[in-house]
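As structure tokens, one chain now follows by itself in the form predicted alone.
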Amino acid sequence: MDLSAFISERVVSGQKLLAPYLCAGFPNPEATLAILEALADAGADLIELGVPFSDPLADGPVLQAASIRALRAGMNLETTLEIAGQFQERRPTVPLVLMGYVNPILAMGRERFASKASAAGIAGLLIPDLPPECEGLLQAPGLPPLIPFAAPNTPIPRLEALGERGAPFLYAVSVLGVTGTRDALSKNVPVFLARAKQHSGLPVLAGFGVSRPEQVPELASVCDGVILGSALAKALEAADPAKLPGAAEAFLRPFRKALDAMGAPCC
């Protein structure tokens, strides 16, 4: 899937994008595919599928614990891509963005990874520990597009340079720090998001710290959508293991409703 075209179409239509994050293998590998499908049913426009890693430097305690639990259950890059392929066969209209760290990819080999990611239908890559200047480490035929990050302290010239790379969207890290839910976001966040959108020229999705539907209107009014991670992981951790897909769907629907109230409905 052409992720740039997919996102641009929704931005032009006025639809605000909803992108939940799920660590593959959490709470257990057997439930991952069903949870992905439940998120799609609940109105996810795209889904960020995480590759568990032993040292996830961008993640806070909740997602670190999810990653370790998934690793202990046997999940890795290879099995994550297998699940991604199964999901894309079932839901080809919901793009998957793979979020992972560079070491497992290099260990697999960049050509082999690019081939497997392409075959699995991965539409984009988020690699927090790979600066844009080092993207050549992964370049190989068929590699999905890399999506850049920006933080509140990213200077304007850097935002402009990131925009020139022609990525599908810019991942705006709404806080200085790691992932995790926050009771309240800084009043400076909307200012940062507007600046990131203006100077990058890219669609902007806001992540890190978004935890409640009430936070959505202020954020999404100045960007193109939101990414949810730690709050979803908490909901899955608290859910009945036999009812994980239902818990995922129930968690996400209020966010979809809040976004749809701002623009064109998802369906």
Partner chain sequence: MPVLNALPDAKGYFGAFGGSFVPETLRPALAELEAAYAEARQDPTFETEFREALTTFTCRPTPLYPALRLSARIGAPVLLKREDLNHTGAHKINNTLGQMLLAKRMGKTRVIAETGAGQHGVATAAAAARLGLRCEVHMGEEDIRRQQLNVRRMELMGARVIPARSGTRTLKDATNEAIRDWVANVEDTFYLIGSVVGPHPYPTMVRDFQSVIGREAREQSLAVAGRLPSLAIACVGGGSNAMGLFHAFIPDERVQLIGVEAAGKGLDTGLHAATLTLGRPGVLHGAMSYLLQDADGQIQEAHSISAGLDYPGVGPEHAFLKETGRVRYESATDDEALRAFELLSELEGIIPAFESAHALAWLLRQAGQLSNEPVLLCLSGRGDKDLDEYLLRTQKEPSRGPIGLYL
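All values reported here derive from a predicted model rather than from experimental measurement. Residue numbers count along the first chain shown, from 1.
Beyond what is shown, the protein has a form predicted together with its partner chain; the following relates to that form.
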property: Location of its partner chain contact in the model of the complex, chosen stretch of 85-93, 152-160, 193-201, 114-122 [non-hydrogen atom, 4.5 Å]; result: 152-160
property: Residue (of Ala58, Leu33, Val222, Ala235) lying close to its partner chain in the model of the complex, criterion heavy atoms within 4.5 Å; result: Ala58
property: Contact label in the model of the complex: Pro131 to its partner chain, heavy atom within 4.5 Å; result: yes
property: Pro52 within 4.5 Å of its partner chain in the model of the complex, heavy atoms; result: yes
property: 4.5 Å heavy atom contact, Ser230 and its partner chain in the model of the complex; result: no
property: Contact of Gln139 with its partner chain in the model of the complex (heavy atom, 4.5 Å); result: no
property: Partner contacts in the model of the complex for 58-87 (non-hydrogen atom within 4.5 angstroms of its partner chain); result: Ala58, Asp59, Gln64, Ile68, Leu71, Arg72, Asn76
